[in-house]
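The data below hold one chain only, encoded as structure tokens and taken in the form predicted on its own.
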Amino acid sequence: MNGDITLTLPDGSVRTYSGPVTGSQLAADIGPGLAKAAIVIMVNGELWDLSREITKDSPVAIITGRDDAALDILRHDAAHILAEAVQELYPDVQVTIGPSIENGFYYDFARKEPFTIDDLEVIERRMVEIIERDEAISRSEMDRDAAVKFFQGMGENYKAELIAAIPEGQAITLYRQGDFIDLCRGPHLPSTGKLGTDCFKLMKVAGAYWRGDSNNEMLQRIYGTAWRTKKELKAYLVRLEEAEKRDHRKLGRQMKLFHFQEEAAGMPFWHPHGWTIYQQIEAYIRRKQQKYGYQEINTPQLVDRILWEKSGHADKFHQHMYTTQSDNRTFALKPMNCPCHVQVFNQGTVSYRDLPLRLAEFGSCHRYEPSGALHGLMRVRSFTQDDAHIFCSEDQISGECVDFCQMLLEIYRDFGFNEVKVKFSDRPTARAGSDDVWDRAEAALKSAIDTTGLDYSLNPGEGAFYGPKLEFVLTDAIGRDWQCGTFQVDFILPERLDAHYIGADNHKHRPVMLHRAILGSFERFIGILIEEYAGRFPLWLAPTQVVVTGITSEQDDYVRQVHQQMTAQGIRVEMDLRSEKINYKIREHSHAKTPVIYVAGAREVVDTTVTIRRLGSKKQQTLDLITAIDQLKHESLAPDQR
């Protein structure tokens, strides 16, 4: 029938309507249970409000509160309900921006009086009231200039400023619930009652500059978390408690691994124990890279700004670059290693027979990060990347990707990470190069990842500015995801920096440049490891692998003998000759996360044995000294050396 609209459901079934139809109508037609559970509808892959009319043939899916896609909607609505509650309680407050974020939401408010923890409890109770009111949420559109005047009339100057920055002629979408109205793209729940009263919690208050600019006024940001069910909320709060116990900043102090101070904000000071871990990881990665055919190089940290302008990094990263003046020239501390590696490739003549050429560097980089973004080892201003660049021909991309993925998975397994997700990130909005070049690069990378046989998901628009990339995401012991490794296909930088090789036809050809990292940065990866193991490192990584101590001072000579023999075997050993009670010493070394303690008493001296206590175990074992040392020496080896 002419004018009919056909909607195709996920199971392949279809529903036909004689005219426009809303998601609510479709859900009701399918069944009352679905109509009650529905929160939004997906139309052609895009989430819409249930009240929005579908006017043409489309694939559709009804989203309920149980679906993964619901989380972002629920959190966004929680932010709106938070703003409504704040304005009801504190009418003088101006609302600004309130998005959903990973694990929750926030809203920024302009208010002279600071919010307190007690205020959060009051606001939370009002949010419950708003949810129980089950206020209908409705969408409307308004002309931009009219919307500016509308919010100015309400005294919402921040909202008016946001709207005034939107291009003229673009429709402004507003959402209303009760007396609260907000600028928003949506979509939203049909009503506030769709958010459970026991599925959210306000977490903390923090400062935030208006629009993220430190030149603007400071606002107050209220953070919250929201989930689909009470059970999910409870599980998240338990994870937070566990994460607090594992916080690498706290454990770093406790274990004397590193520290930060204002004189070098965002730049870690490594202590002997922390630097030992760093060196063990570096040595391990170096061995792995040698096994897979990488040649290690080292490039300057301070490079003339001209190179960064040629590569395009000066335009893209100028706000993150540290610069200095000398000899009437501007130099920049390198924020990444890529352009410098091209300089090494460009020295001399490279033949196609030399490809693939794999250049690796433990490259020290610096990037300015706002002070508010700094977070222990996880977000720093000085860091070292396990960086490498593979220069190859286009037909070698797949083979290099397969080898890289194999190496990466081996390394992650050796560090204890067995669950790895892969994301394919394609072209971002702001990018270098033509669409034709991006088409080639994305096709090449897709073919490469398909060749590996690994499952992957799409991560639209998150590629690097010079090429698409694969992102490798680890899942830690308490279920958190960490994006660490990357593999990127780049046709652009070799062109900009005039890299070439001589092909079999005796003519010049551009190499493809594959950017790759596995750890990402040593600093962040060590932070992840501290939290993964809660400071209880596997023996091969532990800064002190064993402490030898006596029950009384009468065993001191024997303790020294054991220490000497173990040191000669390459074991990282310390001895404790303090005249403290043995239980105190054991408790103290356990608190410092020492994996193994060798205890010697009078009997052990006579029998040439040691009694072994292991971290986390109440059991102990007595072995003759030679057997104990041999056993520990084998256990102390890195996984690739066993």
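All residue numbers refer to positions in the sequence shown, first residue = 1. Everything numeric here is computed off the predicted structure, so don't read it as measured data. For clarity, a rigid core is taken as the largest C-alpha set superposing within 1.5 Å between two forms.
Although not depicted, the form predicted in complex with the RNA is the subject of the following passage.
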*Applying a 4.5 Å heavy atom distance criterion, does residue 525 contact the RNA in the model of the complex?*
no
_So, residue 245 and the RNA: in the model of the complex, are they within 4.5 Å at any heavy atom pair?_
no
*So in the model of the complex, does residue 581 come within 4.5 Å of the RNA, heavy atom to heavy atom?*
yes
*Does the 4.5 Å heavy atom contact test between residue 285 and the RNA in the model of the complex come out positive?*
no
_Per-stretch contact check against the RNA in the model of the complex, the hit in 323 to 331, 428 to 436, 205 to 213, 506 to 514 (non-hydrogen atom, 4.5 angstroms)_ = 205 to 213
_Answer option from 90, 362, 368, 412, heavy atom within 4.5 Å of the RNA in the model of the complex_ = 368
*Heavy atom within 4.5 Å of the RNA in the model of the complex: which of 553, 140, 351, 295 fits that? Just give me the one.*
553
*asked:* On the criterion of a non-hydrogen atom at 4.5 angstroms or closer, are 262, 265 and 464 all touching the RNA in the model of the complex?
replied: yes
*Residues in 579 to 604 close to the RNA in the model of the complex, defined by a heavy atom within 4.5 Å, in order*: 579, 580, 581, 582, 583, 584, 586, 587, 590, 591, 599, 601, 602, 603, 604
*Is the C-alpha displacement of residue 536 equal to or greater than 2 Å between this form and the one not shown once the rigid core has been superposed?*
no
*Comparing between this form and the one not shown on the rigid core, is the C-alpha shift at residue 260 2 Å or larger?*
no
*asked:* Knowing the shift is 3 Å or more, I'd like to know if the C-alpha atoms of residue 259 and residue 476 are closer or farther apart in the model of the complex than in the shown chain.
replied: closer
*asked:* Closer or farther: the C-alpha atoms of residue 413 and residue 478 in the model of the complex, versus the form shown, with a change of 3 angstroms or more?
replied: farther
